[in-house]
Ligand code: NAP
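There is one chain below, alone, in structure tokens, taken in the form predicted alone.
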């Protein structure tokens, strides 16, 4: 159904569809494919001029995924897995973008995606149980279902540095890197930020710039990725074990098919623990976090102390200058309390170069940007180029960038003023028929994202099929279910070591943002079981009904 008419008041074209999906990354592509399979008329809106989501926008030097390539892909179609072959253990940004464009072509998805179209607002009408979605160019689209697939790390965050407008050199944010090739050869480059993005950028550009100065506020525990090309026989083994790999990944805490050596450290000496850690250190990547059951490392302070001390020793061994090494050693948070970054290309060894400098801006904060560099409380640093690897307004930023208005005129921004409130991370009370893929209070960023995305897409598609089968027009999370879910998420986080770090998991990187732990930390395996039970129990914790709540409305109350 795609009737078009002209809105007399505003003069803009309005098109009716079954579902509007915002974003054409992993989430939006699979959501489009799944709903289209069910016979729905779907329109996807994407700000970029191609598919790719975060891998379309993040094109900075060194951009690479921290999940291993054979599981950083779709699992719903074995044919995709058999036809596509990754070149490396950890795929670079261009290869991931190629993959997503290939998937879009193979599944014929482009024809239902409107590119270079930005959604600015969406308003719910309870009389008709529909959303009216408005775009920047004035077009308005009426839809039954409104699905946000905008990603958790999509809205760039740039700190409000005094004097940035005075800087006479070039400056860039890593999340909005220019298309043209940047030549660093004759430049003194300053990079602000040493999270995952900063570590990738610094490793890549150190040695390419005339001089690189790194401004670090908080050091991180970077574990070696041990990246390498994938051999043909390796790939054949992966294909032969396709079903088992994905079954183990789905039944794991992090969405990764890696075994752990021990459940906990119970009965092990410190020497035995360190032997396990050394073996996994050589394997690299998230296999190191699986030295023990990841939930144990993130909830057992004594075990985490040994793991954290082990990594600190490795950092000291790698950096020649003892003072620089101590500046790079994290001491203010346990390992894993922040997103654990990967070291793909000798990040710590970069600081052994004469043309790379490290500035501790925790000890000597940045005062302002000047016309020719950066002034801290201790010194001025002459720079030709500035690079901001300052991350994102994570989890909520991209959703709240749209003006979303639910029942009774309440906006989502108002609803989430004290932090996001959802049921299962999928829906919010007061906003019927609005689904969020890997939103706040779902496992999302604490897992291998494609698996979390697939679980959400399939749950949403099944829910819509259930509604159509039973003649429902609307679904809304109940307030009680939402309250219970928010409390449960907060309680789990407070009982784990996440509470000991000021991280973007909590919104601590954005001044003025309410600090509350946003992902669901209970594990993807447990979360999948909870969502499946909710669906089996006729969508327990949701209210399903007709437009305006009339005619045989059915209500499901939250379970115990």
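Residue numbers count along the first chain shown, from 1. Not measured: the values here are computed from a predicted model.
One more form of this protein, predicted together with this ligand, exists but is not displayed; see below.
Annotation: in the model of the complex, residues 121, 148 and 426 none come within 4.5 Å of this ligand through any heavy atom. Distance criterion of 4.5 Å from any heavy atom to this ligand in the model of the complex singles out 218 from the list 376, 327, 490, 218. Site annotation in the model of the complex: the residue of 285, 195, 334, 430 reaching within 4.5 Å of this ligand with a heavy atom is 195. Proximity of residue 389 to this ligand in the model of the complex falls within the 4.5 Å heavy atom cutoff. Remark: residue 66 counts among the residues lining this ligand in the model of the complex, judged by a heavy atom distance of 4.5 Å or less. Although the partner is absent from this view, residue 466 stays clear of this ligand in the model of the complex, with no non-hydrogen atom inside 4.5 angstroms.
Using a 4.5 Å cutoff between non-hydrogen atoms, residue 459 does not count as a contact of this ligand in the model of the complex. Residues with any non-hydrogen atom within 4.5 angstroms of this ligand in the model of the complex fall in just one of 504-512, 41-49, 491-499, 529-537: 504-512. Using a 4.5 Å cut-off on any heavy atom, none of the residues of 100-123 reaches this ligand in the model of the complex.
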